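Have a look below at one chain only, the form predicted alone, in structure tokens format.
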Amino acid sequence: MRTKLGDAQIVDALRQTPGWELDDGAIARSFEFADFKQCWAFMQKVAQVAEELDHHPEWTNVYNKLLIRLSTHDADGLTALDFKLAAAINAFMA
């Protein structure tokens, strides 16, 4: 899963991962919650699945706002693992 995807594969994967967009060699999505407590609870869920996948996001949190960026550094780009984590994150929002 740590093989760098080609452009066509990335476009296809993005179609299947709503809310995420390309961002300088990564995929990114912003989230906004009612308050910090809800944002932190969401981050804990993401942290759990990130540990299970051994794939950790780059994220920025300010109060109720969260920006998550995913890329696979050892592949120097996007891999299936990024989209697997993005799909898991999306499932938390359902």
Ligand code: H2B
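So that there is no doubt, residue numbering starts at 1 and follows the sequence shown. Worth saying up front: this structure is predicted, and the values here are computed from it rather than measured.
What comes next is about the form predicted together with this ligand, which does not appear here.
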Just checking whether H73 would be counted as a contact of this ligand in the predicted complex - the rule being heavy atoms within 4.5 angstroms. yes
Is there any non-hydrogen atom of E32 lying within 4.5 Å of this ligand in the predicted complex? no
Would D54 sit within 4.5 Å of this ligand in the predicted complex, counting heavy atoms only? yes
